[in-house]
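Only one chain comes next, encoded as structure tokens, the form predicted alone.
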């Protein structure tokens, strides 16, 4: 009898996820029709290359290669980032052109620009985006602030859902101010006095908030359907996307999004115990966020941008105390839930490598930015697949020969024996197309049987 999902081991769950990827479905749940036998073969070969790399096996034919861009596909297509954020047809068309031109083994989909109209409807304040605080041709920018005050830790820990709805969301979405007037849902228990809890829903600010939510939901659905349609079309052409969603390390949730950099630095000294307890409270939320996204998309890879764990921000002792324990818990929870954590080591992580290598073998894939790849291979690479780390500066300013030389060094030092996916080390907006082509084509030629 076939095992139920909850009865499977993490190995069995990962294998089930890959088997599902190897038999893709269309939106109606039928087997996906590939546009040619070659597309079918290319799709399955790419999935198997990525699978073997993640599981630290030697790939049967060639080192796999991916491209992880930010706004490059849209700029390269001759449009502004603003156009890509507001015209979903143009966005997906540009991304298709990008994939067909460079032919990577794996892509992360056309969702990077995000839905501009959605942000507009909700009056999003956490980011400035093209046409709304940023020039049309540039990428969006985070507007870091203190969206959670220093005295609100107890509120966050006592009832995270209530805190996010009534405090955080109205601060970062101007259209959701009505949420501040709603009572906790935990107060709605039974008949006696229950009606009083619903009175706020009759107030104009609350009704305006829900009206904005309905409009934003409709726009989000429109965007998601365009992105999903793009993924299906690219799969039918032989190019898989296995990115399922994203989540974050609890320290980064608080340091990036809630307290801000200054706030969390002060809290490490002024109220360390509350900071630690708050991060523990966020662990199941971040695990659930990743698993929920994976279940919704059907893809196992869960991206984790890591911003404040890099060298220079925390001492090694602070990293061990404040960053790593809850980050590791999220990684383990995602693995247990059948996901493949995909952390991005943004910046340099040289002093952290021996610490973060303490993870289950063959269950994660890490994007490496500025760290020494040979040292990463000797430490983290013993247990984890590595992606990287062709510099964005080289892709923008270098020559094809320089890119090939760099890729050769990576394959020779990191790619032998498996556990490596060639790719850029950081997301990029601008590059020379010939340099990207050199990275992909050289890897496919030189990376055979490495």
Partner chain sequence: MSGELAKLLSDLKEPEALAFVEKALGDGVDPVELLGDAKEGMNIVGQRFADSDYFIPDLVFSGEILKGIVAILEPHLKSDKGEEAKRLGKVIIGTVAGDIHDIGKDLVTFMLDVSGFEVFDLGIDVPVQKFVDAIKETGSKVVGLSGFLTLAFDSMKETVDAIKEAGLRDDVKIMIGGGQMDEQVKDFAGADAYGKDAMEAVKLAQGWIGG
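Note that the structure is a prediction, hence the values are computed from the model and not measured. Positions refer to the first chain, counted from 1.
One more form of this protein, predicted in complex with its partner chain, exists but is not displayed; see below.
Novice: Find out whether any non-hydrogen atom of residue 393 is located within 4.5 angstroms of its partner chain in the model of the complex, and reply yes or no.
Specialist: Flag for residue 393 set to yes.
Novice: In the model of the complex, is there a heavy atom of its partner chain that lies within 4.5 Å of any heavy atom of residue 381, even though the partner is absent here?
Specialist: Because no heavy atom of residue 381 falls inside 4.5 Å of its partner chain in the model of the complex, the answer is no.
Novice: Indicate whether its partner chain has at least one heavy atom within 4.5 Å of a heavy atom of residue 402 in the model of the complex.
Specialist: Looking in the model of the complex, residue contacts with its partner chain include residue 402, since a heavy atom lies within 4.5 Å.
Novice: I'd like to know whether residue 82 contacts its partner chain in the model of the complex, with contact meaning heavy atoms within 4.5 angstroms.
Specialist: No.
Novice: Among 152-160, 364-372, 289-297, 203-211, mark the stretch whose residues have heavy atoms within 4.5 Å of its partner chain in the model of the complex.
Specialist: In short, 364-372.
Novice: Though its partner chain is not shown, can you say which of 357, 197, 180, 141 has a heavy atom within 4.5 Å of it in the model of the complex?
Specialist: The residue in contact is 141.
Novice: Between the options 169, 122, 234, 128, which residue brings a heavy atom to within 4.5 Å of its partner chain in the model of the complex?
Specialist: Selected option: 128.
Novice: Select from 310-327 the residues with a non-hydrogen atom within 4.5 Å of its partner chain in the model of the complex and write them out in sequence order.
Specialist: Heavy-atom contacts within 4.5 Å come from 312, 313, 314, 315, 318.
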